[in-house]
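One chain comes next, on its own, written as C-alpha cells: the form predicted on its own.
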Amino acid sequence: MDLYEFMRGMLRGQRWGKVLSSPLTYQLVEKALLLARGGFRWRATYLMGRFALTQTRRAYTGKVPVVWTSAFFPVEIVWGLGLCPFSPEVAAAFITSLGFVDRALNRADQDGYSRDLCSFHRCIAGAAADGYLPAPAALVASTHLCDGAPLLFQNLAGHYQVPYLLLDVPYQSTPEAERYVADQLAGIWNRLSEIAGRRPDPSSLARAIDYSNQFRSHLEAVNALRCRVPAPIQGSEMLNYLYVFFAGQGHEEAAAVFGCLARELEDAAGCEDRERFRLLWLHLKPYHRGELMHFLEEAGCSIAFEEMSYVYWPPLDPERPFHSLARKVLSHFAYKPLQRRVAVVDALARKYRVDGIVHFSHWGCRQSCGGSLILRDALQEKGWPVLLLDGDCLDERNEAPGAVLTRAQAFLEVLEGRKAACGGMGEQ
C-alpha cells in the first residue's frame, strides 16, 4: 500500500482541520501504516511514522495542550511538562510531500507574505490561515540560526490569540551567555506550566533529559556506522527523519527510532551497492517532487552524510537541565563565525571519505545561504570540490529544474575527472 497516496486521498478536497481532528481518521491511518510497514526499507522509519501519528493525533484531537516550537528550540522543555510539541517546519515538509503545498503557498501570497521569504514559513502561514494546523496553547521560538521563525511565530500568536515566548540566544558562547539562556529556559518552563495548568515536575524534566541523551547516543552510533563504504543508508533518507530531530528529542520513542536504526545499519553495513561518488550534503533537501535526488541516485551518487545529522552538542546533565540545554543551544556550529562551520564540514568530509560537497541553497534561507560563497571558497582551498545548488525545499516556482540538473551533471563530470586523475579526495 502507498501510504502517502492513501493520505492524499483522505485529505484531497477536505478541510484538514475537520478531518485531522476526527479519531476515526487516526484509526484508518494507523491501519494503513500497519499494512504498509513491509514497504519501508527500515523498521526505524515505520517506528518514526507510528510515533508521529500518535503525536499528531494528540495535537489535533485536543487531548493535551499543543506548543508550537521553532526548529532547534530544545523541545525537552515541552516533553518535560507532558505537553505536545508541534514543529510547523516539519509539518510544512509533510504538506509538500503530500502534494498540497501550492494551496498553502497561494494563501500566504494572498495574505501578503513575500515570495522572497522562506517557503517553510510561507507554507505555515498559509496553512494556519486556512485552518489546517492544530491550534496551539502557546508558541515558542528561538532566535538562533533562523531570523524568520521568531517573526512568523509572533504573527501567528496574534492569529491564534495565544502567548508567544521568545528564547533570545547570544551569538557568543560564554559562561555569562549560558547563564542568560538557562534563566530564560527556566522562565519558559514555568510560563508554559502556567499556560497549560500543569505543575512543573523536575523529575519529569530529568526523565526527558535522559531520553534526549539516549537519542544523542543512538544517533552517534548511527553516524559511526555510516562511515562504512559503501554507505549503509542514503543521506536523502536520513533527511526524512527531521521530525524526530526537531520535535522528538526528550521522548522515549524518538530515542528508540535511532536505536532501532543503529541495529539495522549494523546488519546492513555489508551491502554491496555500488557507489560512483560519495557526497556530503549541506542544509536540507527538496521535499517536493523534483527530480534532483532521483537524478543523483541514478547517477550512482551516495549521500554519505549530511550536516543536519552531526551531533554538535555535549551530553546533557539531568541534575542541571536548564544549564545543559543552554549549552546545547549555544553549541550549534552554524551559529558561530563561518570558520567554525568550515572546520566542521571539512572534518565531516574527511571522516566520511567523500568525493565532493553539495550545498543545497534553499531560497529565502539567510542563515544557511548567506555565507555560502565564502564557505565554498574556504572548502575549495582545502581541496574539496563544492557545488552550490540553488533551489527551494518546498516551492517549485522558485526553482529552475533544468538548470539544477545541468549544474549537477557538470559537477559529477568534475568529480569523474578528479577520480580518474587522483582517486578522489576521500582516498588520498
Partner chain sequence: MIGWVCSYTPVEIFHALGLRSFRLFGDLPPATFHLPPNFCPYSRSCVSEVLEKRGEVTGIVVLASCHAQVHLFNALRHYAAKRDRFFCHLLDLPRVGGGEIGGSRVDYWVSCLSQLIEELCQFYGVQWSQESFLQAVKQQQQVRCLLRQFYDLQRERPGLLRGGGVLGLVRFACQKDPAEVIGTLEGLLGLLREQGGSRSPQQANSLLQNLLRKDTPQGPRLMLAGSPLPLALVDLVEEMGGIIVGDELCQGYRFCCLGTDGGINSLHSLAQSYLRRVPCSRMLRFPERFGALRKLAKERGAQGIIYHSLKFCDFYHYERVLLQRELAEEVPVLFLETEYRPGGMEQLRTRIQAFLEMIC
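Numbering follows the first chain given and starts at 1. What you see is a predicted model, and the numbers here were worked out from it, not measured in a lab.
Note that the form predicted together with its partner chain isn't included here; everything after this is about it.
In the predicted bound form, its partner chain lies farther than 4.5 Å from every heavy atom of residue 313. For residue 294, no non-hydrogen atom is located within 4.5 Å of its partner chain in the predicted bound form, even though that partner is not displayed. Interface membership of residue 150, defined by any non-hydrogen atom within 4.5 Å of its partner chain in the predicted bound form, is confirmed. Using a 4.5 Å cutoff between non-hydrogen atoms, residue 99 does not count as a contact of its partner chain in the predicted bound form.
Of the candidate stretches 344 to 352, 221 to 229, 195 to 203, 152 to 160, only 152 to 160 contains residues with a heavy atom within 4.5 Å of its partner chain in the predicted bound form. Although its partner chain is omitted here, in the predicted bound form none of 61, 246 and 318 has a heavy atom within 4.5 Å of it.
Only one of the listed residues (41, 366, 31, 397) places a non-hydrogen atom within 4.5 angstroms of its partner chain in the predicted bound form, and that residue is 366.
This chain is displayed alone, yet in the predicted bound form one of 357, 239, 146, 301 has a heavy atom within 4.5 Å of its partner chain; that residue is 146.
Residues of 149 to 179 lying near its partner chain in the predicted bound form, listed in sequence order, are 150, 151, 152, 154, 155, 158, 159, 164, 166, 168, 170, 171, 172, 174, 176, 177, the criterion being any heavy atom within 4.5 Å.
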